[in-house]
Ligand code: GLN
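One chain follows as structure tokens, the form predicted on its own.
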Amino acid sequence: MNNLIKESLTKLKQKNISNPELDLRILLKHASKKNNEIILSNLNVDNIDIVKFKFYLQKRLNREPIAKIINNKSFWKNNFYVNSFVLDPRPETELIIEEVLNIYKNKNSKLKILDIGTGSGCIAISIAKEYKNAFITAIDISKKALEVAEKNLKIHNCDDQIKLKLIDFKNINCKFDLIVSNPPYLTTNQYNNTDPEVKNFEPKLALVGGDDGLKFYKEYSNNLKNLMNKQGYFVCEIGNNQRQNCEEIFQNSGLHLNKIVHDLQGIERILSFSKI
């Protein structure tokens, strides 16, 4: 193993980067002059743009997430453009797509869908690709986030299926078969204590759900029934230990909690509601 690799790995480990070898491989691949697979044990440094690599490495040492450095994050079955104005899609959020597929078995369904707080557009685009006849309204209150979503719509050729809107969901006045959302759900305290990767490089607007983290669930419980068709469903992500609070919040919402989905760590992560 050459000195560049050894020194870089040491620096990453000193910064307590959790997957230093994997991160190093990704950074080297994005600084490579060729499209070959990166193998650390026998890397040919001549194939690496050293200036570019050191620039990327310094960003990672500053705790910038890999996805933000390379402006790319994998979600469901595709890759998405990301930057500092949107959250990096998380693997657990893919459970929203899985639950939608459980609810609507017929992929030819002509669904009318609302995605609240679309961010990068990853949820809306992933659902659009599964349901070719669906029409999705994807909304956000961040103009910068919608610019990222628009870029992803073009990358994935979903312009015809998805309409982006800069609007608060409380100002929407039509009805949908399905509403999906991964709202901000960190408490102020959780946000203050979160990793630098999150705190310094992801939008606070998309992370914090008020002091108790429950702000958006309270708003949803008061408003969503009026946005849902008779057989409508609402599928959302929640934070760790929020299931009981959310169940209480939605008790008089006109929505029935059908299902609680656990993530791979056993955390109650997705709630699925139907209109009563």
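Note that residue numbering follows the sequence shown and begins at 1. Owing to the predicted nature of the structure, the values given are computational and were not obtained by experimental measurement.
Keep in mind the form predicted in complex with the ligand is missing from the figure; the text below concerns it.
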Specify the contacting stretch among 153-161, 177-185, 105-113, 73-81, defined as having any heavy atom within 4.5 Å of the ligand in the predicted complex.
-> 177-185
Please state whether all three residues Arg90, Val198 and Glu237 have a non-hydrogen atom within 4.5 angstroms of the ligand in the predicted complex.
-> yes
The one option of Leu207, Val45, Leu40, Ile249 with any heavy atom within 4.5 Å of the ligand in the predicted complex is Leu207
